[in-house]
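Okay, here we've got a single chain as C-alpha cells, the form predicted on its own, with questions on binding and movement later.
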C-alpha cells in the first residue's frame, strides 16, 4: 500500500510543536509495517539549508489567486529518514526566514492562505501522480489546517486515492475572510455550510473534516471532547454529524529518540532498573546549566519541570499563581523551558529574578535542553486546560519523571493517578504512573503537587512509581496498525 503523508512540519528538519514529531515518527512506523511511504512538506528556507543534496522529480504548473506558479518537486534523503522525502519548492512563498507560519518577529505571514492553498494543491496533484513517475498513492494522509484543502481538491477527481485527515489541535483552524476565498479563486461550489464556509469565513480545517473519507484525532478522549461545545471551537455540530468517520488514535513516541539508556543528548544514561546515579547526575547537569549550584540540598529537593509553549492552554498561568504558596510550603524547585505569550514569559522571568536559586527559566526551545530536563527533573508539570494528545507526558514517563496532569484529552488516556489503596500501610495502586487532577485551577494543581511531594518523600513508593512509569509502552506499533486498518 502506498501512502503519501503530508505535513507542514517534520522533525528534525523543521518543528514548532508535536505535529513535527508525529510527522516523523508515524510514517516510519507505517514503513516498518510494510507500507510504501513518502513524506511531503514545503521547501522552507530552513529545510533546504539542512539538506546536502536532492533531485528534481518534476515540475507542477499551479494556479492560485490568479497567479501562475511553476513549482519544483524535489526528492531528498536525510540521515534521520529511512524513506524518501518530497519537497514542494516554491521560493516566492516558502524561501524566507522565520518559522513555517510566522515572521521572525512573531506575526503571521500575510499570505499564509495562499502559501498553504498552493501546498495543498501540490499535494493533491502528487496524489493523482501528475508528475507521471508511476507512483500514485492508495492513501493521502493529511494533517491539520495547513493541509485541509487537499481533500477538497481531490474531491474533484473521480479516480482519487483515499483521504485521511488528522486533527492535531482543533484550536488552530486556518480561518480566513470570504474575500480571501474569492481572491484565492477556489471553486465556488465549496462555499456552503456543507463545504468550507464557517460563520462567513473560509475554514481550512473544516475542509479537511468535510471532504475526507476518514477523520482522526490524536487520542480517544479528544475525539469525544471535540464533539462538545466546550472543546469543539464551533465545529462540534460538524463533527457530531460525521462521527461515523471520526476515530481517536493515540499518538506514540519514537522509543529510540526518547530512550534514557542511549539518548545522545544526555550526559548520563540510566534505565528503569538502574535509575541512579544517572538520573541524579542529569539533575546536577540541568541545575548547573542554569548556573544554580548543585548542592546536596538542591539535589535532594524535588525539581519540577515544564517544556511547553507558554500560553494559557498549557495552564502555565495556573502554575504561576500556585508558585508563591508552593515555595512557602515546600522545598520544591522549578525549571521552565519554552516561548510564548510575552506577558507569561515576563511573569516567569520576574519570578526567576526574585528566586534565582529555586526558579529557573529558559525562554527558548532547545531540543538538547528539553531532553536534559526530562531526565533531570523529578516531576513534569502539564496542567493543560485541553490537550489533544500531548507528547511530553509520554517522554516524562519514559524518563521516570512523573507527570502532573489535568484530566483531559490524551493526558487522561495516558497517565494513571497514584492513589493510596491503604493509608495505614502506605500502599498505592500498582498501575499508577503519575498524578491527575480534575478541575483546572491553581488550587487543584497546588493540592496535587503537595500530594506528589508527599509520595516523593517515601522513597519505596517513589521507586515503585518510577519503575511502573518507565515500563509503559507508548511506541507507535499499535497506533500504526490502527491507521493501517483505517487505510484499508
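None of the values given here were measured: they were computed from a predicted structure. Residue numbers count along the first chain shown, from 1.
Omitted from view is the form predicted in complex with alpha-D-glucopyranose, to which the following refers.
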query: Candidate stretches 86-94, 161-169, 133-141, 268-276, one within 4.5 Å of alpha-D-glucopyranose in the predicted bound form by heavy atom; finding: 161-169
query: Heavy atom within 4.5 Å of alpha-D-glucopyranose in the predicted bound form - residue from 224, 183, 309, 245; finding: 309
query: Position in contact with alpha-D-glucopyranose when the complex is considered in the predicted bound form, options 22, 13, 465, 480, heavy atoms within 4.5 Å; finding: 22
query: Touches alpha-D-glucopyranose in the predicted bound form: residue 353 (any heavy atom, 4.5 Å); finding: no
query: is_contact(residue 329, alpha-D-glucopyranose) in the predicted bound form, heavy atom dist at most 4.5 Å; finding: no
query: Heavy atom of residue 390 within 4.5 Å of alpha-D-glucopyranose in the predicted bound form; finding: yes
query: Contact label in the predicted bound form: residue 261 to alpha-D-glucopyranose, heavy atom within 4.5 Å; finding: no
query: Contacts with alpha-D-glucopyranose in the predicted bound form, stretch 201-221 (heavy atom within 4.5 Å); finding: 218
